[in-house]
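One chain comes next, on its own, written as C-alpha cells: the form predicted on its own.
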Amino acid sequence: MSNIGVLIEMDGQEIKASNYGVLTAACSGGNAVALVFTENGEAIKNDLERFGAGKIVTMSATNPVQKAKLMAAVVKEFNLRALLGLSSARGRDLLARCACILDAPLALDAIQIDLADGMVVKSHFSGKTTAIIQLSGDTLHVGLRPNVIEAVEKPVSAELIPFTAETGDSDGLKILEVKKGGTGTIDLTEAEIIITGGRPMDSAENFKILHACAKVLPGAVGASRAAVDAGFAPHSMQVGQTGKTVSPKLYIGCGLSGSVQHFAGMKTSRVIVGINTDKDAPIFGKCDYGIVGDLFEVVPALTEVLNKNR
C-alpha cells in the first residue's frame, strides 16, 4: 500500500482534534505517516496510534521555510504518495511551500478526497456548485477543510521516528515576533458546535448571550460580515466567504438572513439551525431546523434548558 503523509497541527502541546479526520482520510488510501513538529513525540504517540498513524515522524524547525524543506525531505525519504493536512492558515502556508519545493500538484479547502483516483472535490462560486478535480504528479498535496471528514478510530502500533535534514538558510525570512490570540476560547475552525450572530445582535454587548450559550454547549461564537462591519465583533469571529470556513457538527445562526456569502463559509455543517423573526428569511430554505422567533428570547431560553440538563 502507498504511504500517505499527514501534517499534524499542534495547539500548544496538544493535537488539534480536527487532525484525526485527516488521518482517517489518509488511512482510506494507504498507510498513514504522521508528520509532527514537536520535540516530545512520546506525549502524542498514543493519540496518533488510535487513529491509524503507523509511523510518526517528528521534526524541529523555527520558521515556515525550514519546516517546508523538512516536509519535502520527508516526502522523498518515505516515498509519500500524498501529503494531506488541514486547510487552516498554517496548513495552507506549509502545504503550498512544500508543493512548490517539490513542483507537486496542490488543492486546498477540499471537502472530499479519493486517494485511489487522485480526485478531490472543492466548493466554488460561494458554495453554489462543486468541482471535481483530478490531480496528477508524484506526490499530491491536499488541504482538507477542518471537520469535513468524520474521524474513525483505527488503532495501530506506531513507530516513532525522529527526522533531521539539511535545510540551509531561510531565504531571507526571519520571525521577529509571534502574537497569539486570546486564550480560553475554542477556535472556530476546530469547534464542533458554533453559534453565530448577525446584524440584529445590534451591539457587541449583546454577543454576551451567545457566549453564555456557547459556554454550556460547549462551542464557539461566530459573527456574520454584517455584524463585523458594524463593529459588533472582531474579524477573527467572522464566518463566511471573506471570513473563516467552518464545518461543525451543529451550526446555530441567530438573526442571519442566509446570504450566499455567509452560507459559503458554513454550508458543510452537518446540522444547521436558523433563528430569525422573519419567516421568509432565506436561511429557512437552507437550514435543517428553523425557529421563527426573537433571538433575544430563544437563545437565553436555550441556555437555561442546557444549564438544567448539564
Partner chain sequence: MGLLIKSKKNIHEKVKGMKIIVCVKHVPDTAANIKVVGDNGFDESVKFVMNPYDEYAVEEAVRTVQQNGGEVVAVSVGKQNAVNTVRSALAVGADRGILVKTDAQFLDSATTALALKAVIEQDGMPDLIFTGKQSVDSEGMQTHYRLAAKMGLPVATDVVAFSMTNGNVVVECEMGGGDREVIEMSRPCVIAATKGLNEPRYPKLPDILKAKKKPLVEMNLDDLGLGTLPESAAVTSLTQVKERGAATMMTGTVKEMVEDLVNRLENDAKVL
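Because the structure is predicted, anything quoted here is derived from the model rather than measured. Positions refer to the first chain, counted from 1.
If you look for the form predicted together with its partner chain, you will not find it shown, but the lines that follow are about it.
- Contact with its partner chain, judged by heavy atoms within 4.5 Å in the predicted bound form, is confined among 52 to 60, 36 to 44, 22 to 30, 258 to 266 to 258 to 266.
- This chain appears without its partner; in the predicted bound form, the one residue of Asp109, Glu159, Asp114, Asp202 with a heavy atom within 4.5 Å of its partner chain is Asp109.
- At the 4.5 Å threshold, heavy atoms of Ala72 stay clear of its partner chain in the predicted bound form, well away from it.
- Lys174 belongs to the set of residues with a heavy atom inside 4.5 Å of its partner chain in the predicted bound form.
- Put simply, Val298 is close to its partner chain in the predicted bound form: some heavy atom of it is within 4.5 Å.
- In the predicted bound form, at least one heavy atom of Val273 sits within 4.5 Å of its partner chain.
- Of all the residues from 277 to 302, those having a non-hydrogen atom no more than 4.5 Å from its partner chain in the predicted bound form are Phe284, Gly285, Lys286, Cys287, Asp288, Tyr289, Gly290, Ile291, Val292, Glu297, Val298, Ala301, Leu302.
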